[in-house]
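One chain comes next, on its own, written out as structure tokens in the form predicted on its own.
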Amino acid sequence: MSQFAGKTAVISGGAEGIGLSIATALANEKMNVVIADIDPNNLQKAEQTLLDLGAQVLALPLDVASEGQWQTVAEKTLERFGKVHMVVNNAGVGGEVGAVEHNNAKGWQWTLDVNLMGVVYGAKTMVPLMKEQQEGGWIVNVASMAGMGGVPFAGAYTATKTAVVSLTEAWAVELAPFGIAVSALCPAFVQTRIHESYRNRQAQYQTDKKPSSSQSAAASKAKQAVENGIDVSIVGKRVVEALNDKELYIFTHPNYRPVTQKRAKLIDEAFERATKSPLLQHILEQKIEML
């Protein structure tokens, strides 16, 4: 029997794309799924799709940038299923793209609040419930290959996804004593509508500023890359596979391995130069201090 059977997962951004793919894969493992999304029309369609598969599903509205709405999702999840065993922090936006000087403050705040604080609120809300249950659990934070290396003309997106990877690494150590496994899903390009995420841009982040030529060009390139990405159905299945194998980093594009290898090489070479610096010789034998 699947280790997920009979347990409950809460999935933000669960009405389409990667979120729905993960919900479908978990439902196939006989897991109860709570799909939470900002788009009510897609939420209704996704709920019916999962019901047609025979899933135990609860569909709830959620703007992940609102901690209060996360609390409501938790309450309704407990009312329906009694417990929470997994949170998939999937909801995210592509943010504004383009040269650094053309990105405005509202665009940055939108990306930070959804991609980063949405993850923080999801964990902050669900982890206490998991601890109280004393049954362990899982947190899956949807990051990106952008979190493994900077992407030009996508500063806000890259910054938030890098932060999500680091949060995952920190939480994995922090929550291990409670039997809660934490993983970062880092896909490259997948056939979703991430390049159209402006369609759900909340009112407080709207701006009248017109896109610059660099922003338009970058957006067009991103659209093409997404449309040429892998089929989204693969991602959910890969997540189940990786969780069964207790993977910290979940990759969907093994062909991107040279990207991380290049970064690791540059970091190692930088440490080698620091090792040879006359200014730093007295530090070489110092004990590494970690919290």
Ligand SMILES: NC(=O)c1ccc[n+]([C@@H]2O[C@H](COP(=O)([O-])OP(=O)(O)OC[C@H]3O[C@@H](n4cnc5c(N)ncnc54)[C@H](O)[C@@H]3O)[C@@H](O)[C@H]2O)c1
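A residue's number is simply how far along the shown sequence it sits, counting from 1. Because the structure is a prediction, the values reported are computed rather than measured.
Missing here is the form predicted together with this ligand; even so, the following discussion is about that form.
The candidate spot formed by Gly92, Lys161 and Ala188 is fully in contact with this ligand in the predicted bound form: every one of the three has a heavy atom within 4.5 Å. Proximity of Thr192 to this ligand in the predicted bound form falls within the 4.5 Å heavy atom cutoff. Contact annotation: Thr72 falls outside 4.5 Å of this ligand in the predicted bound form, judged by heavy atom distances. In the predicted bound form, this ligand stays beyond 4.5 Å of every heavy atom belonging to Glu247. For Ala25, no non-hydrogen atom is located within 4.5 Å of this ligand in the predicted bound form, even though that partner is not displayed. Distance criterion of 4.5 Å from any heavy atom to this ligand in the predicted bound form singles out Ser144 from the list Thr125, Ser144, Asn103, Thr77.
Though this ligand is absent from this view, in the predicted bound form it lies within 4.5 Å of a heavy atom of just one residue from Met86, Val182, Val114, Val97, which is Val114.
You can rule out all but one of 78-86, 173-181, 125-133, 153-161: in the predicted bound form, only 153-161 has residues with a heavy atom within 4.5 Å of this ligand.
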